[in-house]
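Shown here is one chain on its own, the form predicted alone, set out as structure tokens.
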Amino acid sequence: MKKMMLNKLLLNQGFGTRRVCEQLIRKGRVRVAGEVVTEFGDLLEPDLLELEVDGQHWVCREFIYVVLNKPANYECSRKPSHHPGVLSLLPRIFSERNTQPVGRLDHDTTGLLLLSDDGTFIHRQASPKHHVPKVYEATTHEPVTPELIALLLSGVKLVDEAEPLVAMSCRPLDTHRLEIVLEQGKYHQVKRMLAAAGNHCDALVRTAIGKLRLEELDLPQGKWCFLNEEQLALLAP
């Protein structure tokens, strides 16, 4: 990030319009490195600069990379229609920065969800061209049988797909749970594949994207955290 004056930096980070950001500074509601600042001042080096705005601590970042343990009954949309949007679980500043979900989970699907305001990152993780594996645990209505696993591995035909959809891998976890790994990211894909194979999905959790595993994040449902460099390296390059 290039050096910029404090008012432009606040605007860049999503604290409001230019006018709002200027008022925040003039009213003494902004601290830089612990000191109240009431003038726009000199150019600042923004990378990892620490601010406080109305007591809210913030570390400046060029882009936001976040992982959320999504609970049920939240929509992966900036304009939700029937349930609250996942962005309501994050600080308001994220919405101001046009942060958006990387791909979508159904409102009743839980688990690992990435969010970012970096368009290149979003495309890399979501596009099937990059072959990023997504791992799901599905609870099935009928028992998990060897025949069901074999069907999912060989491919099932859906009415609106030209080619059969094939799981990258699939294994039983117990009598009514299986793990399935996909890379396509089609609409309702796990549920539709299970239905086409003669079963039904009662519950679905995404447990991993690439090599980033939810169980290793120690993230309770409904909570989020920034991704560090080591965690980002586990995703598509």
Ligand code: URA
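Residue positions are given as counts along the sequence shown, with the first one as 1. Just so it is clear, the model here is predicted, and its values are computed rather than measured.
This protein has a second form, the form predicted together with ligand URA, left out of what is shown; the following refers to that one.
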Would ligand URA in the model of the complex be within 4.5 angstroms of a non-hydrogen atom of every residue among 8, 12 and 60? no
Within 4.5 Å of ligand URA in the model of the complex by heavy atoms, the stretch out of 79-87, 98-106, 124-132, 156-164 is 98-106
Please pick, from 211, 188, 171, 31, the one residue with any non-hydrogen atom lying within 4.5 angstroms of ligand URA in the model of the complex. 188
Just to be sure I understand the contacts: of 197, 204, 51, 66, which is the one whose heavy atoms reach within 4.5 angstroms of ligand URA in the model of the complex? 204
Might residue 136 be said to contact ligand URA in the model of the complex, defining contact as any heavy atom within 4.5 Å? yes
